[in-house]
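This document opens with one chain alone, in structure tokens, the form predicted on its own.
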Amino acid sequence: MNNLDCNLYNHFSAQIGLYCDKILLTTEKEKSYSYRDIEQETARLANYLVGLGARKGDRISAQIEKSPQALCLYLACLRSGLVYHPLNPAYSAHELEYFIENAEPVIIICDPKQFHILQPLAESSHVSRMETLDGDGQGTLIDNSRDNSTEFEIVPRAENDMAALLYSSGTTGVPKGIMITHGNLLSNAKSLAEIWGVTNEDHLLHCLPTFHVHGLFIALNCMLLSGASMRWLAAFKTDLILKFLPQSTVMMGVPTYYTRLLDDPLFTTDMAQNIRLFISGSAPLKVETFAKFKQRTGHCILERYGMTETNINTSNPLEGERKPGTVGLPLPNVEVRIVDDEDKPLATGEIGNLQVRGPNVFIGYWRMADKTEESFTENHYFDTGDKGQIDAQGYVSIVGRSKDLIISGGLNIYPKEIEVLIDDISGVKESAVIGVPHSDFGEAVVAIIVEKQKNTFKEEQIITSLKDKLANFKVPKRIIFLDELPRNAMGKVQKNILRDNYGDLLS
């Protein structure tokens, strides 16, 4: 494969040539953009960024709301060999200071409302230029690039050249910059388009944020690679999903999206009859949600498993059994294994450390050579930090994060096992199990529960109901009732916050 072939945009360009007059996306306000429109805007932006002095490999930091123009900015960076660095619009000044200092971008693009926050950070980090772009696609970036050429020659990129820089959440120390390459993104997009059967006839209901892998890479890349089209929503809103779902063929979401749909009586079988595929990721899908969704719509949600460092690793099949509670089978060319703490493979069904190897796996952490080295084995498997198991049919299940593992009295406890039992109790909406410091056992189990109706249970009732189902060392010592669990932007429960809040509970 020559260098030009490795630029992801070159592969999108082939579809743009085939479908130049086809509508690529339509917004919730019914404004449509053809493949040609997007390609021309991408060229104008690429010419403008390069004209400002940006060169291949330079980082472009973007703290912007979702818009078609934001998509064009991502594509312009790919096309011109720049490194796209998306930032959550909700980040505070304190968080942004670290990201800007660490990434060292040459240009920052932000929402106009954030300009006063980012400007001093840009000055202290010697960023040469700032531009603005809002959620309506307006700002200095668009104004200043308007007169640039709609022609731009794709910059050659090698397989291991960085395409994007994303950061980990930083729940266990400082955030780590994750270097994603053109080869990573291309291999994953090709695999996903193949195994999910994506074609130019598909119409994706895109309601995910675009500062995250799920909405930016997973949802977009396989669609662009296939000549498909999209309904482009700024955010998930149940009324808009119900409005546009009948016109779509594919929906991707986090589990919260599907539980919200199930909570709405207007969500019926008829609403979903045109959809061929519902996909869930970014957080575990409860077996109860899987079952209720199938009962309501006849559809089995396809759950898959990925992470920022690897994009997608496994997926339940398009054809064949989609096993609830599992994240499916490894993607083509992706190897998944379960090992012990000495990196020795474990037998089928045993719980251990989940490791992956393949062209989807990132090349390392930005300017953290030591952290990169310790994250890979000698034979190039990446240690995901997840605890998992693989069944006799090859289906992978995630039982928890290694940092979520509870060790009480020297015995390992996997929170997922307890959470499943609690969630099965009638009247429980959801739960999260954590370990907190204990003077005798080292750690003890605490369960945080959200009830469907407040004040349904007393703490003793839950504990008593679990004693018949769990070994005593696994039974929670305390039950905490909350109105809701803390979650990040992608719907993942933030157990680190729960551990911080209740760390002194048993001391």
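Residue numbers run from 1 along the displayed sequence. These figures come from a predicted structure and were not determined experimentally.
Separately, the form predicted together with adenosine monophosphate exists; it is not shown, and the next lines address it.
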Self-check item: Arg487, heavy atom within 4.5 angstroms of adenosine monophosphate in the model of the complex
Solution: no
Self-check item: Close approach of His11 to adenosine monophosphate in the model of the complex, 4.5 Å, heavy atom
Solution: no
Practice problem: Please run the contact check for Ser282 against adenosine monophosphate in the model of the complex: heavy atoms, 4.5 angstroms, yes or no? | Solution: yes
Quiz item: Going by a heavy atom distance of 4.5 Å, is Gly306 a contact of adenosine monophosphate in the model of the complex?
Solution: yes
Practice problem: Check each of His212, Arg322, Arg129, Arg296 and return the one that places a heavy atom within 4.5 angstroms of adenosine monophosphate in the model of the complex. | Solution: His212
Practice problem: Check each of Val420, Ile398, Leu405, Leu346 and return the one that places a heavy atom within 4.5 angstroms of adenosine monophosphate in the model of the complex. | Solution: Ile398
Quiz item: So which stretch, 151-159, 373-381, 182-190, 307-315, is the one near adenosine monophosphate in the model of the complex (non-hydrogen atoms, 4.5 Å)?
Solution: 307-315
Quiz item: Is any part of 337-369 within 4.5 angstroms of adenosine monophosphate in the model of the complex by a non-hydrogen atom, and which residues would that be?
Solution: none
